[in-house]
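Before any questions on binding or motion, here is one chain by itself as structure tokens, the form predicted alone.
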């Protein structure tokens, strides 16, 4: 039996690293079979693994690599900062304010910013700020949305069909063992994109509601778009109830357009959670919002802290990344190339006799083997239960194209992807689709059937 170097490294890592990997999203249970991809290096739109396989990469670090791997402008700025200032001071420095200004200049609803290291941290602080500002405890969230792994909000992210409850009264379900059941009493769960459910939630619980938190584009469930008028109605209801609207733009912020989803849809949330693309690959996140809400932290009424917050290194990365993505035509080119790829994938599926469509925007999208994309998590789950998506992942990987194996993942574009890369990917997809059609005909959906 031939053993690849990735398989060998996976076995060795498992001796001291839990599960052989640093995160469950890169493990075999997330579809990385027969073993996780062990990466040697990345450059631009390409990855090289430890077995000398070279891949066109559409995983893009699960979102942060908006400029591709090792973008020179960001790497040079961070390296210069490291050499001149060091990695950490945990004291005030000029780059903090400059990085905050770069974010506030881009995001329409952001007056003030505080940094953290991960999106999970920023989301936790958003909930704290909302509860402190309103004096209320209840938070409305939606099935299929992911706002980090904290006990406070990791509920009903990917519930199963036998536990999710009635459509008009979803069960509030912890997303992991080890989460105290009492935390669920502070949460209300509804289906997304359902205006009637939204109005009912505010009618019945509006006077207790501190906030409603949503991904404005459902990126953690395949790039599902909001129905026309849905987010606008959410904004109206939150305002009328005295609750805050929180946009989780960890995926969409600094990726889909110069002002994120709030700029694209013209809706101002009270608080915005940002991460991933704001640092172009460096570990930085931020919470931003209106001045009156954010200033709670200025006088210590609402605690916000963190030793690694806004280190010189990550601030340098934010400043450089904003400069690069703020270039003329950056997002127009990014979204146009992504849309051409998405449409080409649909055409390739159709040529093989497979009904397909796509959802999202060019910079962040998913391919669905269905006549139309889902509108919420439950519809997505039904599609994926019989989807041959894992066959597509496997066939593309064999042809040098790397995508996330689970259907709830995304195709993620970067500024490093070229028209030639799109052409090459579509050629690989055309070659792969007959095998996908065969898997569909045989009912062989692979290990990732059903969202989880």
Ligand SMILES: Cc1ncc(COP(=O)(O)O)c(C=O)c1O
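Residue numbers count along the first chain shown, from 1. Keep in mind the model is a prediction, meaning the values are calculated, not measured.
Not pictured, yet referred to below: the form predicted together with this ligand.
Taking the partner from the other structure, this ligand in the predicted bound form has a heavy atom within 4.5 Å of a heavy atom of residue 250. Taking the partner from the other structure, this ligand in the predicted bound form has no heavy atom within 4.5 Å of any heavy atom of residue 381. Residue contact check for residue 215: one or more of its heavy atoms lie within 4.5 Å of this ligand in the predicted bound form.
In the predicted bound form, at least one heavy atom of residue 118 sits within 4.5 Å of a heavy atom of this ligand. Partner contacts here mean any heavy atom within 4.5 Å of this ligand in the predicted bound form, and among 144-152, 303-311, 288-296, 185-193 they occur only in 144-152. Out of the listed residues 220, 81, 262, 134, 220 is the one that sits within 4.5 Å of this ligand in the predicted bound form by at least one heavy atom.
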